[in-house]
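Shown here is one chain on its own, the form predicted alone, set out as structure tokens.
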């Protein structure tokens, strides 16, 4: 890590030390003044990452259907046209990795791609085979991020991933959980393991991680990926029956997806949120959340309270 990255991390941690317990961030119009998406640095590398990425669970598990693959290629084209970076997948997601790889090939491997996938097997030995398969399916010689999916055999796989990172065959490593599970074990990993990323569930309705895990990730210099930003769609279904509150205009939101995403990515410990979609219009709406003003501390409190009351 170079000196500028160390300095930035120290400044960030100093700000957290004096922030309210909810660790809120103030809005900054300059973040998106140039028309580019807001980015946050990966703490371990200093590399800027757009705060809205893309998940592929269910949405990219379409097999060999040519019409569906064409549609997913259009989604990825819109994603990169809007400045997108991280695409997150897993061997657990059926054909999603193969579909992503096919789409990326048709788009000539966009330069902005930050490839993130996972190891998902109880066997440490089979993990290496699975990683090789993922690289082949993505069509990449090296992945940007490899994660242990849902902590399955995390001790064995982290040894493998750490060795791969040391020899340069993967850039960054991490672990994942979902649905708000196994937080105590995850805290232990954050406290003791030299990882670059942690992926966990965080949204305006599921906020348990604010108490311990998000501050711990910030303290340890670990990037946070927020999954299930819309609770698998149920949160969107719940709020879209209601009109947008007047305060949505204050943070440049034109739909509920942007409101929900801005709540997540405005937390200073969160690096990236990964909503999943199979529609270009929804992708464009999601990516708009990476532009414009962000909620301040008072508005975040109001947002959470108003959504809880719906």
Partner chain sequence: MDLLSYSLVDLIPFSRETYFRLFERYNIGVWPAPIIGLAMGLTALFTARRADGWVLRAPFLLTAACWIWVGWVFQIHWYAPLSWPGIYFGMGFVLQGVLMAVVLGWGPILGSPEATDRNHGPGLWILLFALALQPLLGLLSGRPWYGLEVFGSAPDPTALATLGLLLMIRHPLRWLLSIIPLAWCLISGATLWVLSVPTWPVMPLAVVLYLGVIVWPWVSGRSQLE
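On a predicted model such as this, the values are computed, not experimentally measured, just so you know. Positions refer to the first chain, counted from 1.
Keep in mind that the form predicted in complex with the partner chain is not shown, yet the notes after this line are about it.
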field: Candidate spot 64, 67 and 120, all three touching the partner chain in the predicted bound form (heavy atom, 4.5 Å)
entry: yes
- prompt: Should residue 94 be counted as a contact of the partner chain in the predicted bound form, where contact means heavy atoms within 4.5 Å?
  reply: yes
Partner proximity in the predicted bound form: residue 181 to the partner chain, non-hydrogen atom cutoff 4.5 Å: yes
task: Report whether the minimum heavy atom distance between residue 140 and the partner chain in the predicted bound form is within 4.5 Å.
output: no
task: Look up in the predicted bound form whether residue 152 has a non-hydrogen atom within 4.5 angstroms of the partner chain, and give yes or no.
output: yes
query: So which stretch, 36-44, 264-272, 237-245, 50-58, is the one near the partner chain in the predicted bound form (non-hydrogen atoms, 4.5 Å)?
result: 50-58
